[in-house]
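Next up: a single chain in structure tokens, the form predicted on its own.
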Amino acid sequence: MDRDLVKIQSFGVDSFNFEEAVDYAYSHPGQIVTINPEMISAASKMPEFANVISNADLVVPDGIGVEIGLKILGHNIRRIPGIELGKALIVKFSNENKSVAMVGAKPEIITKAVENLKSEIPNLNIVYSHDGYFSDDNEILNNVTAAGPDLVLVALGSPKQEFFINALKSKLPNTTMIGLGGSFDVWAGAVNRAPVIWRKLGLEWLYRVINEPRRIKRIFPTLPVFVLNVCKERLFTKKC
């Protein structure tokens, strides 16, 4: 299975559907980036972050804003929520007797997330876990490397988690790694995901803003500015 990238705001995004993305991530080790408008906005101002995204081994459209942007550009590619991709990978790797490592979130969150995942997935083999509150990246990087996991899930927030994974790639070239933001909080039961109907309507972001008003600063004006920039991009070939 080969990658088929489409461009949005100069970044390549894979056109896989969900099942294809899971299969590709399992069979092709490396860094997975779950891209959203906030990340694209940050990367446009941070060349080193843009370089990490551009060199990722799989880039999936996580945010609804990216799905909308791709449609504006003429690409009918559905979003792949990072939390769902992460869970599917845990199940896939566990079913194949592969090992998993988790890094990130608060101490009580990752402890509960690990407990809940082990209860849900009996054959889950977590060989290393650590919360996101550490000052020495090298120590954690070395500990993860020593554990030798087949799958690493990192929830440190963006872009910190992407930089962490990028530093880990050279140490574990045969490992699949993905940054998952707040997914550990959901798996721990500390945060509820939007009801399915909200997700199907592409309104999960609104549900999260309603429940976490502080998130509005992350979405506005980033999301409307992102859509405007994509419309400008589209103008090169056809009016938005």
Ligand code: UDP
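A residue's number is simply how far along the shown sequence it sits, counting from 1. The structure presented is a predicted model; accordingly, all values stated were derived computationally and were not measured.
Beyond the structure shown, there is the form predicted in complex with uridine-5'-diphosphate (UDP), which is absent from this document and is the topic of what follows.
For the chain shown alone, G30 is not a contact residue for uridine-5'-diphosphate (UDP) in the model of the complex, no non-hydrogen atom being within 4.5 angstroms. Interface membership of G82, defined by any non-hydrogen atom within 4.5 Å of uridine-5'-diphosphate (UDP) in the model of the complex, is ruled out. The closest non-hydrogen atom of M102 lies beyond 4.5 Å of uridine-5'-diphosphate (UDP) in the model of the complex. Taking the partner from the other structure, uridine-5'-diphosphate (UDP) in the model of the complex has no heavy atom within 4.5 Å of any heavy atom of R193.
Scanning V144, A113, A155, L151 against uridine-5'-diphosphate (UDP) in the model of the complex with a 4.5 Å heavy atom cut-off leaves one residue, A155.
Looking at uridine-5'-diphosphate (UDP) in the model of the complex, residues K106, G181 and R215 each place a heavy atom within 4.5 Å of it. In short, of 132 to 140, 118 to 126, 87 to 95, 69 to 77 it is 132 to 140 that has heavy atoms within 4.5 Å of uridine-5'-diphosphate (UDP) in the model of the complex. Taking uridine-5'-diphosphate (UDP) as it sits in the model of the complex, the stretch 184 to 206 comes within 4.5 angstroms of it through a non-hydrogen atom at just one residue, D185.
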